[in-house]
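Take a look at this one chain, the form predicted on its own, written out in structure tokens.
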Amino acid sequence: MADDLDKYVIEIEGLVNTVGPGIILHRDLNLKVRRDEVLSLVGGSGSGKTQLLRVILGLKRPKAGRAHVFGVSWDDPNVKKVRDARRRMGMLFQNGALYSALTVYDNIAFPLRERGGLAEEDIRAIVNTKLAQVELEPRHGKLLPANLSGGMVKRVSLARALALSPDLLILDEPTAGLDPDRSEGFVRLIKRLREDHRFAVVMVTHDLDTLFELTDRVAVLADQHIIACDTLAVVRAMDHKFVQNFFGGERGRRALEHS
């Protein structure tokens, strides 16, 4: 187990997930995420990608099986262990999920204030550092979310996700809604931040360009479980209808040429 703690940030074994009145969404689902990789989670509509993320984040309790993040179960009675594990994760939601009534500065400062123990001058220094990391300036901290472009919303949301310097970053469709240039810029930003800070990433995406550019391994969610978790080359060669439809055709060829 000690070796697994050193190697994996997420360990899911035998997971059973239900929705509604006992409808089984996932059955015997197994997944391990290494501490220094970008793992992309792909699957068809209704396959339960969001529900799996909710289990990883501790927002949903599975019907059966084991889900550990940093070696901790969200059901652990040790409140401090659970709290410390949560603080090692950052989440970037698909739509940004910024607090509309708070400025950019206060959105990024929010998790720092929630954690407590920091003077306001220390919070200011961290917020300005995070703004710089996502290529924004302190003056942007005065803006409200309504005044931000789509690309800026993504960057501010990323800065907030990085506020506690997480060891695991979860990205839900990180380039959705961005035009090609902004999408490419955001991917470059993620790559640079990972080179600097070496956090693990779990990413849900339908964008093949983003997937090919960032991914170390791909986990394919189909038939109620993870049918494969391997390199792009191995997964793309699978004889499975979803895999061939997802990676095949002109989109797949174009993304492979640009990667």
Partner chain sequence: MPSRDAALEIKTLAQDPVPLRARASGDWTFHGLKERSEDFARHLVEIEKQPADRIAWDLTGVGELDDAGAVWLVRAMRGSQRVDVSQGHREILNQVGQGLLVPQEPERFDPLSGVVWTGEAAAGAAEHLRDGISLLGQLALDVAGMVRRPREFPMREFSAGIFRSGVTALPVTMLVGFLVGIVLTYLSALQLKRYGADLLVINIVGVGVVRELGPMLASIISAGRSGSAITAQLGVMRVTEEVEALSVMGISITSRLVLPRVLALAVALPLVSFCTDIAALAGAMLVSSFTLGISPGAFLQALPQAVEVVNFWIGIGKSVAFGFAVAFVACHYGLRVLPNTDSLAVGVTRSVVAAITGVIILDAVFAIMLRNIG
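Residue numbers count along the first chain shown, from 1. Nothing here was measured: the structure is a model prediction, and the numbers come from that model.
Although not depicted, the form predicted together with its partner chain is the subject of the following passage.
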Report whether the minimum heavy atom distance between D167 and its partner chain in the predicted complex is within 4.5 Å. yes
Using heavy atoms and a 4.5 Å limit, would one call S149 a contact residue for its partner chain in the predicted complex? no
Look up in the predicted complex whether Q133 has a non-hydrogen atom within 4.5 angstroms of its partner chain, and give yes or no. yes
Check A125 for me: does it contact its partner chain in the predicted complex (non-hydrogen atoms, 4.5 angstroms)? yes
Would you mind picking the one in R34, H206, K191, H197 that has a heavy atom within 4.5 Å of its partner chain in the predicted complex? H197
So its partner chain isn't shown here. In the predicted complex, which residue out of L171, V156, A163, M89 has a non-hydrogen atom within 4.5 Å of it? A163
With the partner absent here, would D28, H68 and D76 each sit within 4.5 Å of its partner chain in the predicted complex, counting heavy atoms only? no
So which residues in 98-128, when you check its partner chain in the predicted complex, have a heavy atom no farther than 4.5 Å from it? S100, A101, L112, R115, G116, G117, L118, E121, D122, R124, A125, I126, N128
